[in-house]
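Shown next as structure tokens: one chain only, the form predicted alone.
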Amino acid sequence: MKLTDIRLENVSYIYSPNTPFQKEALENINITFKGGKLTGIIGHTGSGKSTLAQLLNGLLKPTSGKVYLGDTDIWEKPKEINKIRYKVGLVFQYPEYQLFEETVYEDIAYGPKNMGVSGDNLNRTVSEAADFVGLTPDLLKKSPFELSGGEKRRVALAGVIAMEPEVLVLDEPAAGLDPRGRTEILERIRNYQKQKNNTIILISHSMEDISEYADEIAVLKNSKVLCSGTVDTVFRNAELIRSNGLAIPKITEIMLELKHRGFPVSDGIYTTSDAHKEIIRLINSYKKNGENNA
């Protein structure tokens, strides 16, 4: 899979411009989503996350500014915007409501067919996409409306994966799932990214999910980018995130509280495994200092 950056330069988007209902959803956004990375986007409802997703895919055109896929302005040739949508796959929040074919197979095959894939190649493409998301071959013959909520979510994801996009944009892919279903679909997305080495943008309201699965993070607030960078870099600014009314991982809250109480814990702790290592380090340090002072 080709490593493809996708970036926004000075992008703003206004809904219902020049009307009483005018609303600026994004304001002068400059950000690059790096090829071969899984980037998480976090922010309150109304911060512009879903608008950003639709701009990346070309479903919305910027009011001002440009969106680049690699070195190509995606709106350079407006009549060819559908080609961009094959390269930048978008999975909406609650995508199971978009299923419409008679069988799971036909739903997954819909995109590839429109791209001209047929015969054995189509069968292989559908089979591989289904396997990636954990759908067994027997489910391909069923109506998608006979499936559970989690299975429908996987069918919708497989339908986009089957088009083999260079960039995959996922808007709250685990929304509404129980903890087990949530973990399963997020782990499958992460494994897919590692195997394909493509570019994934994961929108979520859960900082725990983002900290667990993302390589990089962009935090949105009031239609702007509050901060962005690697997971480690962003969570070293945990106080900034929290002071702006955004949630941080519970484990980060615990480590910050320890620091406020005088324990010399490191910044940027955001996973349970890292916290465990840090606490062991502190205990060993105290033991060593106690032996030296004895």
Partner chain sequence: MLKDITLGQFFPGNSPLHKMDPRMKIIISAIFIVAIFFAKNIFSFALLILFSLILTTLSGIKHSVILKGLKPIVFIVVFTAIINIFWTKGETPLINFGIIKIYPEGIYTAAFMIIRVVSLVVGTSLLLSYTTSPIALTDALERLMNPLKKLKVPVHEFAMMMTIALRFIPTLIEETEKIMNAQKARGADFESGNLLNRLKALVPILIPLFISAFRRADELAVAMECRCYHGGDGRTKMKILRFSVFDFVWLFVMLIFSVSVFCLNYIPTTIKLSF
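Residue numbers count along the first chain shown, from 1. Nothing here was measured: the structure is a model prediction, and the numbers come from that model.
The same protein has a further form, the form predicted in complex with the partner chain, not shown here; the description that follows concerns it.
- Checked against the partner chain in the predicted bound form, the residues I185, L122, L99, L147 give one hit for a heavy atom within 4.5 Å, which is L99.
- Note on the partner interface in the predicted bound form: the residue among L177, M163, L140, V117 having a heavy atom within 4.5 angstroms of the partner chain is M163.
- Only one segment in the set 68-76, 198-206, 91-99, 212-220 has residues whose heavy atoms sit within 4.5 Å of the partner chain in the predicted bound form; it is 91-99.
- With respect to the partner chain in the predicted bound form, the three residues L59, Y86 and Y110 uniformly fall within 4.5 angstroms at the level of their nearest heavy atom.
- Under a 4.5 angstroms non-hydrogen atom cutoff, the partner chain in the predicted bound form lacks S228 among its neighbouring residues.
- Contact annotation for N82: at least one heavy atom lies within 4.5 Å of the partner chain in the predicted bound form.
- Within 4.5 Å of some heavy atom of the partner chain in the predicted bound form lies at least one heavy atom of Q54.
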